[in-house]
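First, one chain by itself in structure tokens, the form predicted alone.
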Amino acid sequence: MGCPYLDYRSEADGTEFDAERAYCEAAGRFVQPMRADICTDRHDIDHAEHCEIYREHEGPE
């Protein structure tokens, strides 16, 4: 399913790109492609378990 905070944008905060890039709404910034792999649960990675940004944003369980 992937992280609900991942979005793909070509513009944010006055920064504009030719192609869409991974944007973390929880962190409020563009993220690196390797981070997006975690967000999309690629390679058997679980964003809820492996992403510190997601865990911090969601708070204690």
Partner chain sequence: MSYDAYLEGEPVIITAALTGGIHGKEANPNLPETPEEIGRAAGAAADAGAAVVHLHARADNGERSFSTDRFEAIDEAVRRHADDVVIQHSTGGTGVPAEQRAQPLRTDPPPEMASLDMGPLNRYEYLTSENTRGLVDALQAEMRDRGIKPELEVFNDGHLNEVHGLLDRRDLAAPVYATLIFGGGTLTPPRPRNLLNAVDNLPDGALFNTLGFGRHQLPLTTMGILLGGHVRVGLEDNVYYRRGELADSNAQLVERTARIAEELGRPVATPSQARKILGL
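Residue numbers count along the first chain shown, from 1. What you see is a predicted model; the values in this text were computed from it and never measured.
The following text describes the form predicted in complex with its partner chain, which does not appear among the structures shown.
Contact with its partner chain in the predicted complex holds for none of 1, 3 and 24, as no heavy atom of theirs lies within 4.5 Å. Contact annotation: residue 11 falls outside 4.5 Å of its partner chain in the predicted complex, judged by heavy atom distances. Residues of 1 to 32 lying near its partner chain in the predicted complex, listed in sequence order, are 8, 17, 19, 20, 21, 22, 30, 31, 32, the criterion being any heavy atom within 4.5 Å.
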